[in-house]
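In the block that follows, a single chain appears as structure tokens, in the form predicted alone.
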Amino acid sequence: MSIPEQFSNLRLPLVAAPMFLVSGPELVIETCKSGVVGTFPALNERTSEGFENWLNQIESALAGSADAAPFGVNLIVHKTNPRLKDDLELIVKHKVPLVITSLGAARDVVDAVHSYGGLVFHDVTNIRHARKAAEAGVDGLIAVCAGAGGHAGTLSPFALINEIRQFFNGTLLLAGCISSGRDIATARMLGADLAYAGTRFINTRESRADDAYKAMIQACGAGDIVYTPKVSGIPANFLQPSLARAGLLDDDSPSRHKADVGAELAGAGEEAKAWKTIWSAGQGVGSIKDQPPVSELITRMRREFNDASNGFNRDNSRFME
């Protein structure tokens, strides 16, 4: 197992994933105060100036909490992201503890974060991308497996985790249907160092998700999740009722063929509008039936994690030498 020294005070081996239009300072602060890594996408604030304001707000709130977990920022490393340079400069200025890169693993980004002792984790959905990210020098790989919310992959966690471990000795995270402490314990048993949960944190009191979005998650099950590229040009998992409402379930409905991060920056842009009304979620929605405060959720997850870990050892002791 390879958990970074910077994460030595975690109360659970868990990172709350950065979610577009959902994760804000409130969610990050409460998650970190509860002993779990909280993160947010830089692009959730519509300008770099606003992004820095969020960094200041989070740093100020966590400064007096010695037991708080580190926080992280998701940075889109893609040629269509016009804010990449400015946002990276702010990340270095504020010495953000963790940077989660998506849509590209760049050595210069890794070097910039390493210059002040920060960590870089990178989203991967297949082995080719995992190898490229490892070559770029990232500290951790996030295996985004079948059933994960947002831009997910299609591989089983058994397959992806095992193959990555053949060439990567850094921190390995598992994403996909992580909704409970038992799921976190299972991720560890599969060989991941940390679990990575998104959808479960949409349905928390501190989340910025619309109330109707949260209600739809509670009403849906795994069979209501649709994997499609029609929203952003990159295959992602969405709630079927929200796709139907937008008319995107028709066979002849238009599909974008190229991702455009820049389009997501403008509040009036079609991409940003789409993500506000077409809601992403993972296949773990079937186990989500409430909207607790983050602190309550993490306390529950810790209890479930301990019960699952102890139960596994007890139930399997007769098979162990």
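Each residue number is its position in the shown sequence, starting from 1. Predicted model only: the values in this text are computed from it and were never measured.
Just so it is clear, the following notes concern the form predicted in complex with a small molecule, a form of the same protein that is not shown.
Heavy atoms within 4.5 Å of the small molecule in the predicted complex belong, among the stretches 55-63, 276-284, 29-37, 290-298, to residues of 276-284. Within this chain, G147 lines the site of the small molecule in the predicted complex, having a heavy atom no more than 4.5 Å away.
Not displayed here, the small molecule is approached by F20 to within 4.5 Å at the level of heavy atoms in the predicted complex. Among residues of the shown chain, V99 is not one whose heavy atoms approach the small molecule to within 4.5 Å in the predicted complex. Contact check for F71: no non-hydrogen atom falls within 4.5 Å of the small molecule in the predicted complex. Among the residues A133, I184, A175, A192, the one placing a heavy atom within 4.5 Å of the small molecule in the predicted complex is A175.
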